[in-house]
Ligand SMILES: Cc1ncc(COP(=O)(O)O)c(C=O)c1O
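Quick setup: one chain, the form predicted on its own, written in structure tokens, and binding and motion questions come after.
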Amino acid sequence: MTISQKVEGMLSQASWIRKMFEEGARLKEEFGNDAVFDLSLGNPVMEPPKKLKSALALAAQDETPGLHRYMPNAGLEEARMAIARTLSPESGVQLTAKDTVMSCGAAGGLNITLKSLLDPGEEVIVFAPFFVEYLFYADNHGGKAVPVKTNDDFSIDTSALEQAITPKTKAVIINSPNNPTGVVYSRESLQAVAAVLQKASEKKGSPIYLISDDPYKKIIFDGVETPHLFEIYKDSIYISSHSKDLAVPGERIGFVVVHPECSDRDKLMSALIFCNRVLGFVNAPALIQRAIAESQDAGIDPMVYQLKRDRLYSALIEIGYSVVKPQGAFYFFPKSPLEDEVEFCRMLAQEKTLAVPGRGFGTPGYFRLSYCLPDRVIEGAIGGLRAAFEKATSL
């Protein structure tokens, strides 16, 4: 075998989105782009705000000597200060640049965090359905992701969380608004999680960290509250990126912020900075760091996504699907009308409509639809969603 057996197995486990992408490419080649409606990818359709584009252009044109040389591994001081100033009011905690590390997207932030925290065999709890890469990020650093089921409405089941905690539990990851469900965890729910972790940490004699992976935090609908973890639990680590709120996923810019009162805070910050270097990121890209330092008050308009949500939600309910209405992000996670959601996704593909099976997110029997897409694609997909549903329910 030319590649490791471990990676070979991971490729199989992580292949659902890739398989749908390949199926989409095949269908588009056969029928043309306009005849295929791909709702499988969460690639934002919106363009970055003008303020960010202007800041990026100015940063690129700046001829001050030394701007393209090595920088501190934690990132540029001005970028870290800008993040800290923005987050301080909403987190209820006074933050500084010293609490912040710039990273290569939220993915880079998660990896340097897990490498900093995990010893071999230690566990990270994730709530299903979950972003599938969590499994691999934990494994990257010798750890193990432990999925915990949520309630029928995808809210957190604190009893299930309590039962899942073992002496090996080192951290819990939450993602709110959630990919793939669009669910936002309430303040009461997060307070209940914090209470469970506080009790377990005291029993264990060492902290269980709460990691918030929040790239969709600013894409929320209907005025729903998205509480900040720093208000609720001191042993918390906040990770986000500007991939969604500034619509620049290709620029790979994110950050990690550690609660100032977090246990072993100084050692943890040193570890994060060290891991940024040794994992090969070294630092987040300089140009986009300078641009986002000047663009913290900019952002895409979430109402654009809310209107897309409303259109597709109305259609799904009218057709007969069972689906939780998203409160944020840009995904639906409907229940499959067939027990085997992979077979149902094949039916959708026959109607030239692409979705991702729920087992790719740790929850078989459901499927994910993205709606961060042109209205033409959403409208075109509705016919395929109707035809496949009628075919499945007539079997």
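What you are looking at is a predicted structure, and each value in this text was computed from that prediction instead of being measured. When you see a residue number, it is the position in the sequence shown, counting from 1.
The discussion below concerns the form predicted together with this ligand, not included here.
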item: Stretch from 106-114, 228-236, 283-291, 147-155 whose residues place a heavy atom within 4.5 Å of this ligand in the model of the complex; value: 106-114
item: Heavy atom within 4.5 Å of this ligand in the model of the complex - the one residue of T169, S91, S243, S189 that qualifies; value: S243
item: Heavy atom within 4.5 Å of this ligand in the model of the complex - residue from Y305, F127, Y216, Y209; value: Y216
item: This ligand in the model of the complex: contacted by all of T181, F344 and R386, heavy atom 4.5 Å; value: no
item: Close approach of N175 to this ligand in the model of the complex, 4.5 Å, heavy atom; value: yes
item: Touches this ligand in the model of the complex: Y366 (any heavy atom, 4.5 Å); value: no
item: Contact flag, F37 vs this ligand in the model of the complex, heavy atom cut 4.5 Å; value: no
item: Proximity of F332 to this ligand in the model of the complex, heavy atoms at 4.5 Å; value: no
item: Sequence-ordered list of residues in 128-150 near this ligand in the model of the complex, where near means a heavy atom within 4.5 Å; value: F131, Y134
